[in-house]
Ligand SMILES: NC(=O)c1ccc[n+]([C@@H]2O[C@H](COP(=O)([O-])OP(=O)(O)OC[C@H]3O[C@@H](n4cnc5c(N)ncnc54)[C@H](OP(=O)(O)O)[C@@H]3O)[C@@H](O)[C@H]2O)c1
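The chain below stands alone and is given in structure tokens; this is the form predicted alone.
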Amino acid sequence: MRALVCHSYGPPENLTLQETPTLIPDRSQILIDVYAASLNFPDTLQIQGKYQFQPPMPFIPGSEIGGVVRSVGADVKGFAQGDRVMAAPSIGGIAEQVLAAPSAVRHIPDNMDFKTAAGFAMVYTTAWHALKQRAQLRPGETLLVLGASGGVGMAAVELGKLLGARVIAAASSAEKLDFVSQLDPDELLNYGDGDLKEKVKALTDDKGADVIFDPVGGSLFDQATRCIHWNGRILVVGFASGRIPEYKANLALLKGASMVGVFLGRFRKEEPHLYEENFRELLDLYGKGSVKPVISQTFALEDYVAAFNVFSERQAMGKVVLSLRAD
């Protein structure tokens, strides 16, 4: 089978598209023919050796896929050859086949295509966990979403609206704001000029936002700590800017505010039943048409460099997907 292999850390140009041995599931694994694999910002960090979880070399990147079950191990229950599924195998997804544990695989609705399946799990479960469990977002509160045009930002805007919040979608350009406007946020904020704090205050009668969803970090986080409302919660989701910021304790004291970490992998490990409940709720919302993932760019497997560079050039809007087979 063809697979994208990382032999050394660096830019996507270092990756190699090559033939690798056909996979065989053990008794507890599912073998899936991959139709689509999504890219996420952590994938770009992983191939550079900068992510929290680094597999041994060489490895196949790719943490989310949509596809069809080819075969199952003897001990696997609930899945059979031909089932349409989504899977989150952690690594190995950017290949024509992938092995996954049953706990990482889910059947997909009949009306969900493979590209959507590949781009659904990580962004929606991250945003739902952040807003529901970590922020405990309440109807009527103001939610500020930074990096709102990216995959996880779009999910946060969408889910924040469903939870009854007043949502301010913030991004770095007019083009990105125009893109996220399809989700009908209550306000749009352009911080491309570097000014976030004063613009948030102007939109909130100088009070600040109740909850700030931050997958960007860097200078935006620094400003977020100064435009958070009393008893506000700053959700630390990631550091797409490249700089991990520091939270000054005096600002937390003056604002009565909290910095709240959002780490989906640890949440899934520590509270698996709650994670599963969240996932069921999200699939139910999809089935009802309440959430509509936006797949903005699809690349052929051979164009993997261009696909990865969408993230390194900070141009990602919605979900970016690699297509491996015709849907």
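From 1 onward, residues are counted along the sequence shown. Computed from a predicted model, the values in this text were never measured in an experiment.
Absent from the display: the form predicted together with the named molecule. The rest refers to it.
TODO: May I ask you to choose, among S172, Q97, T142, Q223, the residue with a heavy atom within 4.5 Å of the named molecule in the model of the complex?
DONE: None of the other options qualify; the answer is S172.
Open item on the list: By the heavy atom within 4.5 Å rule, which residue out of W128, F179, F239, F79 makes contact with the named molecule in the model of the complex?
Closed with: None of the other options qualify; the answer is F239.
Open item on the list: Is G147 near the named molecule? Define near as a heavy atom within 4.5 Å, in the model of the complex.
Closed with: Judged by the heavy-atom cut-off of 4.5 Å, G147 is in contact with the named molecule in the model of the complex.
Task: the named molecule contact in the model of the complex: P293, any heavy atom under 4.5 Å - done: P293: no contact with the named molecule in the model of the complex.
Task: F41: touches the named molecule in the model of the complex, heavy atom cutoff 4.5 angstroms - done: So F41 counts as contacting the named molecule.
Open item on the list: Residue-level contact is defined here as any heavy atom of the residue lying within 4.5 Å of the named molecule in the model of the complex; does P215 satisfy this criterion?
Closed with: Yes.
TODO: Within 4.5 Å of the named molecule in the model of the complex, counting heavy atoms only, one of 25-33, 41-49, 269-277, 55-63 shows up; tell me which.
DONE: Careful reading of the contacts points to 41-49.
Task: Joint contact, A88, F114 and F299 to the named molecule in the model of the complex, by non-hydrogen atom at 4.5 Å - done: No, the whole trio is out of contact, none within 4.5 Å by any heavy atom.
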